[in-house]
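In structure tokens, the next block holds one chain alone, the form predicted on its own.
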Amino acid sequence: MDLSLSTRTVGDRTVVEVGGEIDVYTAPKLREQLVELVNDGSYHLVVDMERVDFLDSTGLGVLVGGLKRVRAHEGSLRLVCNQERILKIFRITGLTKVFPIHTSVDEAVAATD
């Protein structure tokens, strides 16, 4: 399965809508998108993972790398995910303590964490 990416601006946040599978084959595409956004000055990102079907360790690494990039600019990276199978991966790896995870884009955009 392929990875679909699109971006839009909501308030002062850049929302990256991700769909499909984030794995060893598709994760570089997401990494490039996050790097490009940060290089262009977007430091407050929301990654909408509601349409993500699969996430592996490579994908997790890309998200952690994105978080490090935005934090280097006093930014933030929030996730939107409400699928139990994906949330379980974040809980097992302890990344729920690292990423703010929200149930909707509106909630993520409004959050002050």
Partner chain sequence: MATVELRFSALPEHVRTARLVAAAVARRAGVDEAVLDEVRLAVGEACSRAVGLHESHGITAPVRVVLVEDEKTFSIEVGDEVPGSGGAAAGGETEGAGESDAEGEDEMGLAVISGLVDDVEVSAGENGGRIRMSWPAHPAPVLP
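All figures in this text were calculated on a predicted structure; none of them were measured in a lab. Numbering follows the first chain given and starts at 1.
This protein has a second form, the form predicted together with the partner chain, left out of what is shown; the following refers to that one.
Asker: Is Thr93 a contact residue for the partner chain in the model of the complex, using a 4.5 Å heavy atom cut-off?
Answerer: Although the partner chain is absent here, Thr93 would touch it in the model of the complex, with heavy atoms inside 4.5 Å.
Asker: Can any non-hydrogen atom of Asp56 be found within 4.5 angstroms of the partner chain in the model of the complex?
Answerer: Yes, Asp56 sits close enough to the partner chain in the model of the complex that at least one of its heavy atoms falls within 4.5 Å.
Asker: Whether Gly75 contacts the partner chain in the model of the complex should be assessed with a 4.5 Å heavy atom distance threshold; does it?
Answerer: Flag for Gly75 set to no.
Asker: Does the partner chain come within 4.5 Å of any heavy atom of Arg51 in the model of the complex?
Answerer: Output for Arg51 is no: heavy atoms all beyond 4.5 Å of the partner chain.
Asker: Can you pick the one in Val98, Ile89, Val10, Ile101 that has a heavy atom within 4.5 Å of the partner chain in the model of the complex?
Answerer: By the 4.5 Å heavy-atom cutoff, the listed residue in contact is Ile89.
Asker: For the heavy atom contacts within 4.5 Å of the partner chain in the model of the complex, list the residues of 6-32 involved, in sequence order.
Answerer: Result: Glu21, Asp23, Val24, Tyr25, Arg31.
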